[in-house]
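Heads up, the chain below is alone and in the form predicted on its own; it's given as structure tokens.
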């Protein structure tokens, strides 16, 4: 479904991505793991067109989207839920959801999807007329994910979906991510600060350091790697879904 080949991305003179290559199959969950400043978010921003890559290529279902506008990338089936949620605090929950469907014109279907999002995240139904800025952190994250789903993507890019959330709230988010993949067939590329959780959710994973992929493999293999345990999982590593 997604193929990123030899991608180089800069911020001014800073060489952020140095020949990144990765791929995803349809309905697959892939985790991108690395330390702060390694380039994880830049990979997602490059795929969604927020940051323009200097060289390399990105293809979606065989179509080159490397230099396509972010709006057209959304219309092609990619939705990016950015780090920090980035909801519109002075708009209602309903208006935030509607903005997620800004590229669509099928108004009757948009209305149905609004109802589906409120079924998927019941708290949004209760808060639909409230300003998004008045929601809790977990509720805002649910809104950010629901807004991303309103474009009907085939590929969801999730950047740190549980950052700053209490463990019990984060666990609810994880359950929804798993549901979206297993029950709705959504492909998900996830950047997650909790490497244990990311590898618990994912089919495969990539380890990124200073803008380069240094290791890749099945999530189960990466979870058992002593190197990964020491670097990212900690001494008290345990299976996240045990």
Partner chain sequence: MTPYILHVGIIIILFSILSLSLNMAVGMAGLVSLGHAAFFGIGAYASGLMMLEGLPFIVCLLLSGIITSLFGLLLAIPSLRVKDDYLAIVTLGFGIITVIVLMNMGITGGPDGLTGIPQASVFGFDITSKPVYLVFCVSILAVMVLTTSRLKASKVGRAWAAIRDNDTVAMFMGINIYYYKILCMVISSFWAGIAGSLYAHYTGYINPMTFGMQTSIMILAMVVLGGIGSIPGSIIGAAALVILPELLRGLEANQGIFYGALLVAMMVLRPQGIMGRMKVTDIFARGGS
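Residue numbers count along the first chain shown, from 1. Quantities reported herein were computed from a predicted structural model and do not represent experimental measurements.
As for the form predicted together with the partner chain, it is not shown, yet the points below apply to it.
Picking from 186-194, 26-34, 43-51, 170-178 the stretch near the partner chain in the predicted bound form, with a 4.5 Å limit on heavy atoms, gives 43-51. In the predicted bound form, no heavy atom of residue 129 sits within 4.5 Å of the partner chain. The partner chain in the predicted bound form is approached by residue 86, whose closest heavy atom lies within 4.5 angstroms of it. Put simply, residue 136 is far from the partner chain in the predicted bound form: not one heavy atom of it is within 4.5 Å.
In the predicted bound form, at least one heavy atom of residue 82 sits within 4.5 Å of the partner chain. No residue in the set 201, 204 and 217 has a non-hydrogen atom no more than 4.5 Å from the partner chain in the predicted bound form. Contacts with the partner chain in the predicted bound form, taken as any heavy atom within 4.5 Å, map within 58-97 to 70, 71, 74, 80, 82, 86, 88, 89, 90, 91, 95.
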